[in-house]
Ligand SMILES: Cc1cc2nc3c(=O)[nH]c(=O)nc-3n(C[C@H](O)[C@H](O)[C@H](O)COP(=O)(O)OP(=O)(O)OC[C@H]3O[C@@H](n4cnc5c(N)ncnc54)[C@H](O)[C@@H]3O)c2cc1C
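A single chain, nothing else alongside it, follows as structure tokens in the form predicted alone.
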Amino acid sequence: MKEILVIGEIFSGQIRPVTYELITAARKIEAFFIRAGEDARIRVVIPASDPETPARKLAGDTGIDTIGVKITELETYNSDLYIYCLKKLLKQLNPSNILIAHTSQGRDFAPGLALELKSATISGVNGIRSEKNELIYSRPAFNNNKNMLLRPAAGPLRIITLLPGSFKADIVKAIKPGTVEIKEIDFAPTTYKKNRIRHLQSRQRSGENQALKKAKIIIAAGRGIKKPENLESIANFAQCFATAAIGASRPLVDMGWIGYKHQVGITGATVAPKLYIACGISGSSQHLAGIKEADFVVSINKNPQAAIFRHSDICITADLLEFIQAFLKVFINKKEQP
């Protein structure tokens, strides 16, 4: 039996949406094994101080058997606790594949878990396919302009971290809920270094812009604007669209050109506008995950190989500032006509 385990991501007692994306990816792997004539099944592992409620919800939503790992000391996420408890559980279950979200949390504990389990690992996966009776994984490379195809080294276990937004969550209410099993992990003080990592406090980042999440039209700026003074051109461009909000890629926020409340992507706002216009944005996987729910995407970039073009409905290969100036000229002329 090929056991495929999904490590569910929990925050404040709630299942994070990326967990359902991991299940979609797990079903691709399950289908591959079944086509190869092997028995396979998916199970989801929910580590939490009180995992029963989220475990039952997920089992009810998906029909997949779920294991709640009760970690009484896990009031907040702690990588040491995760690695210690999951290592003990996974050695009992002996899975062939473990899927983890490539989020700040997953990126934190996955490498340590892989080291403890001596597992082959591929991180940041955005695609899964089969080729010549093997599973092939893809991940972004060359500044997100290309995809690198990889196959894990031969071995009994593979740990894969998957980029949020790469697999569409297929949430269809199951006819029959999956089973729920609660396991409590006993700690061994001689091997677990208690309090090596301690949670001090959680703070919500200031400046979160709910208006950006609710906007129907977003004009977003990237490094293609060249300098912060050119944000004025983006603002003028946005005024051509009724009630448009201004977004930005993470590099502009990191450089201090624009406030965090405008950031779109995994570490910013996940948006779902009717129209998203990407201005000089190359299209990192983190940014693309933030716009996956957009109805229609227009991209303006002078690089015809820009990764965002592969995710756009209309691609405009042009110098951004020249395009905006030409657009504004036509727009103003039309307004002035009687």
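Numbers follow the displayed sequence, beginning with 1. On a predicted model such as this, the values are computed, not experimentally measured, just so you know. Take the two forms, superpose them, and find the largest set of C-alpha atoms that agree within 1.5 Å; that set is the rigid core.
As for the form predicted in complex with the named molecule, it is not shown, yet the points below apply to it.
S.K.: Out of 107, 199, 214, 151, which one falls within 4.5 Å of the named molecule in the predicted bound form, going by heavy atoms?
M.R.: Residue within 4.5 Å of the partner: 107.
S.K.: Using a 4.5 Å heavy atom cut-off, which residue among 266, 128, 219, 81 comes into contact with the named molecule in the predicted bound form?
M.R.: By the 4.5 Å heavy-atom cutoff, the listed residue in contact is 266.
S.K.: So, in the predicted bound form, is residue 62 in contact with the named molecule at a 4.5 angstroms heavy atom limit?
M.R.: The answer is no: residue 62 has no heavy atom within 4.5 Å of the named molecule.
S.K.: Do residue 28 and the named molecule come within 4.5 Å of each other in the predicted bound form, heavy atoms counted?
M.R.: Residue 28: no, not in contact with the named molecule in the predicted bound form.
S.K.: Applying a 4.5 Å heavy atom distance criterion, does residue 226 contact the named molecule in the predicted bound form?
M.R.: Taking the distances in the predicted bound form, the answer for residue 226 is yes, it comes within 4.5 Å of the named molecule.
S.K.: Should residue 111 be classed as touching the named molecule in the predicted bound form when contacts are defined as heavy atoms within 4.5 Å?
M.R.: Residue 111 lies outside the contact set for the named molecule.
S.K.: Using a 4.5 Å heavy atom cut-off, which stretch among 32-40, 286-294, 47-55, 63-71 contacts the named molecule in the predicted bound form?
M.R.: Looking at the other structure, the answer is 286-294.
S.K.: Looking at the named molecule in the predicted bound form, is some heavy atom of each of 249, 282 and 318 within 4.5 Å of it?
M.R.: All three within 4.5 Å in the predicted bound form.
S.K.: With the named molecule taken in the predicted bound form, which residues across 299-315 come within 4.5 angstroms through any non-hydrogen atom?
M.R.: Contacts from 299-315: 300, 301, 302, 303, 306.
S.K.: Core superposed first: is there a CA shift of 2 Å or greater at residue 15 between this form and the one not shown?
M.R.: False for residue 15: its C-alpha shift is below 2 Å.
S.K.: Superpose on the rigid core, then tell me if the C-alpha of residue 224 is displaced by 2 angstroms or more between this form and the one not shown.
M.R.: After core superposition, the C-alpha of residue 224 moves 2 Å or more between this form and the one not shown.
S.K.: Comparing between this form and the one not shown on the rigid core: C-alpha of residue 288 shifted by 2 Å or more?
M.R.: Shift of 2 Å or more: yes.
S.K.: Once you account for a change of 3 Å or more, let me know if residue 270 and residue 108 sit closer or farther in the predicted bound form, using their C-alpha atoms.
M.R.: Here the pair is closer than in the predicted bound form; there, farther apart.
S.K.: Having a change of 3 Å or more in the C-alpha distance between residue 79 and residue 270, I'd like to know whether it is closer or farther in the predicted bound form than in the form here.
M.R.: Note: Cα gap between residue 79 and residue 270 widens in the predicted bound form.
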